[in-house]
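Starting off, we have a lone chain in the form predicted on its own, written out as structure tokens.
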């Protein structure tokens, strides 16, 4: 039995709804997780999602900033929202998906703070916020609900490229926010302590370059290929053997009025 999940920082769901509709019509994932929806809950465009078969939703948004959403063709329950760092941002939502084969999967959808431009918390509060957010994420563990028969998947724009091959130039980006050692080490520590499996790197060997984001600042983004892997899909260990593929839709970066992130889809066979 097949199951698929996509994560995508859409950078305004209302602005890019035509792109979302086109993607869903062709890729047809069972679950779509969006970040940076930039939309309050009462203005979220549910009608086109329902038309495409995404009858179930868990939404956590605010006007103009942040925002996360889970859209599903499969029934979902027990949606939860956590306020990391007590700031009130809408950066996390989770829900249990009733997946094929009797599987129950807690899906966590995150939008981690970008962290500003200067990697020094003493002069840049945004960077401090990011580091504190990552530390607090340690409370989200892959095995938390396993005794109740619930597996886990964690997806989202985590705004950190942890491996040397997750950036176009490890040497040149060591002092650039998203690839500084304090960030990468923190994310890897979070992954290990939470017993998460990095599914993207299970499918694509760590020796190979892998990007999901290309800056708007680069007009020749495809030719220069100065990308970073900021978007992630992790799972509890029990799901890892069932992974069939991970697809990074690079072509989406070249669509008209695109997000600077592209959809990433994990497909399983249960």
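Positions refer to the first chain, counted from 1. Given the structure is predicted, the values throughout are model-derived calculations rather than measurements.
One more form of this protein exists, namely the form predicted in complex with the DNA; it is left out here, but the text below deals with it.
Of the heavy atoms in residue 15, some are within 4.5 Å of the DNA in the predicted complex. In the predicted complex, residue 38 approaches the DNA with a heavy atom inside 4.5 Å. Although the partner is absent here, residue 85 is not a contact residue: none of its heavy atoms lies within 4.5 angstroms of the DNA in the predicted complex. Contact annotation for residue 65: at least one heavy atom lies within 4.5 Å of the DNA in the predicted complex. Stretch-level contact analysis of 77-85, 108-116, 185-193, 140-148 against the DNA in the predicted complex, using heavy atoms and a 4.5 Å limit, identifies 108-116.
Using a 4.5 angstroms heavy atom cutoff to the DNA in the predicted complex, all of 11, 219 and 257 count as contacting. Residues of 77-104 placing a heavy atom within 4.5 Å of the DNA in the predicted complex: 91 alone.
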